[in-house]
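In the form predicted on its own, a lone chain appears below as structure tokens.
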């Protein structure tokens, strides 16, 4: 029986309209053998959590460049828990100040990747963190 691929949802919560980094990461994860779903721009935390549970993903990657990460990322984590999907690994990325990273981790974001992180770092983190 073939090994189940890691399923990843890449989402852009909030009003941020820049998605180049999210698309580059989605391609890198796909090229690493993962199934990737990209939700597109301007998703609400409710839409992201609903899609993650409907698609039975292992990982949700959130990208935010607008500065709203402290509100949006924890809300997605909370909604996943409310939907009984608290085991989904949540990652954050974007222009996130270093002092906000520990706050996000306290709210359930497993790791935060800021500009300069390589796509390979993200791929390796996901592979290490998801046990199928």
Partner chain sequence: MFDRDALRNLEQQKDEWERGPVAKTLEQFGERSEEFRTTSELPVERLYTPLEVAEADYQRDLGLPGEYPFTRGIQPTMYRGRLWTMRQYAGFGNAEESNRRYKYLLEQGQTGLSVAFDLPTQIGYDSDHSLSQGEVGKVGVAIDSLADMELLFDGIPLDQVSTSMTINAPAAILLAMYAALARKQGVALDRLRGTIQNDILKEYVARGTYIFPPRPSMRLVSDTFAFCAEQLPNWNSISISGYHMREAGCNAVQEVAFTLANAIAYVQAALDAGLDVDTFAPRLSFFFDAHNDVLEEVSKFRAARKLWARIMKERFGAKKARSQMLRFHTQTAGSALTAQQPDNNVVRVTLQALAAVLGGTQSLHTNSREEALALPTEDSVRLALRTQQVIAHESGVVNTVDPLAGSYYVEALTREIEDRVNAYIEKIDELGGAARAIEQGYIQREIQESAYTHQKDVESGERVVVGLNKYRIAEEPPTNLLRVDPVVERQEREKLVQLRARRDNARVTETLEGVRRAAAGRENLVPRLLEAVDAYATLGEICDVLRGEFGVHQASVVF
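Numbering follows the first chain given and starts at 1. Please read all numbers here as calculations on a predicted model, not as lab measurements.
The discussion below concerns the form predicted together with its partner chain, not included here.
Taking the partner from the other structure, its partner chain in the predicted complex has a heavy atom within 4.5 Å of a heavy atom of residue 36. For the chain shown alone, residue 72 is a contact residue for its partner chain in the predicted complex, at least one non-hydrogen atom being within 4.5 angstroms. None of the heavy atoms of residue 107 is located within 4.5 Å of its partner chain in the predicted complex.
Looking at residue 27, you'd find a heavy atom of it within 4.5 angstroms of its partner chain in the predicted complex. Contacts of stretch 90-105 with its partner chain in the predicted complex, defined by any heavy atom lying within 4.5 Å, are made by 95, 97, 98, 99, 100, listed in sequence order.
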